[in-house]
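In the form predicted on its own, a lone chain appears below as structure tokens.
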Amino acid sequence: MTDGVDGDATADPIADTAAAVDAAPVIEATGLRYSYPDGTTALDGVDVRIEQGERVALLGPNGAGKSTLLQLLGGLIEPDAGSVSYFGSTTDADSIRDRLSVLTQNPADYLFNPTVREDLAYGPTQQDVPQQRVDRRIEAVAERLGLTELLSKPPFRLSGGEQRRAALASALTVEPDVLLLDEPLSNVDAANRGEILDLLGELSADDVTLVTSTPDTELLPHLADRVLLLDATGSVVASGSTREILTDTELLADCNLRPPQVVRLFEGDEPVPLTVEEARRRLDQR
């Protein structure tokens, strides 16, 4: 702290506590278990630790429990066993909704107002953000996601891809520190997919923590630097860098996943390129 006496070596408990909170993971889950109402096990003893500013992907085949895990991490559902804590200080996700946004697969969870503009305003308005600032946020996010011309439309009049972008925009207008995304590029056309990926890259550069669930290994290098790999039993079978996971073809096969096509084409190279851009550079060097 700067308001103390210069040269005073006495420990400051308030500063020490603040430093400890800053060093704590933004999300830490221990022993998460969850079963569906029919008794089917979705997740079986999952541990997760997410640090500030990370880009982490939950990768697994359909039915591996990725969406369920994301909802548990976001505090949307309660585990049968285990716990989730946030920022090292609370287990109540609702108390930190101004710092944590969750985007599920269903855009209707976020689009329930008469117009897209009102949906984008809903979150910051609930946080008592001044209207002028709310308007600025809406205009900036809408322009970035190609929604400016759609702000006055009813959400149900949008296409599936437009609804997906509008739902993402509504999650961003609260300016969260942590953003949990469940297959955010589903039903999004190629042009807008690039825009969303660029936007997520900008958020990451601003130290926003991104956790994304996906079954798509082709997109994974653009979404995450670290991967938690789930198998069909709802267990995390591996955790490592995106490169480590995507180049372990046997491990992916065991989870009924295929590596990106470029990895298959360049298998045996060192290091194996993960994207078309990396492969092009590799060929240019040759």
Ligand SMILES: Nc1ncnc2c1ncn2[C@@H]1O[C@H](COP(=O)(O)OP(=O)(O)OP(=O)(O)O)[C@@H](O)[C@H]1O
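Residue numbers here begin at 1 and follow the sequence given. Treat the numbers as computed from the prediction; the structure is a model and nothing was measured.
FYI, the form predicted in complex with the ligand isn't displayed, but the following is about it.
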| item | value |
| --- | --- |
| Partner-proximal stretch of 255 to 263, 46 to 54, 237 to 245, 33 to 41 relative to the ligand in the predicted bound form, 4.5 angstroms, heavy atom | 33 to 41 |
| Candidate spot Thr104, Asp109 and Gln163, all three touching the ligand in the predicted bound form (heavy atom, 4.5 Å) | no |
| The single option of Glu183, Glu118, Asp135, Asp177 touching the ligand in the predicted bound form, heavy atom within 4.5 Å | Glu183 |
| Partner proximity in the predicted bound form: Thr68 to the ligand, non-hydrogen atom cutoff 4.5 Å | yes |
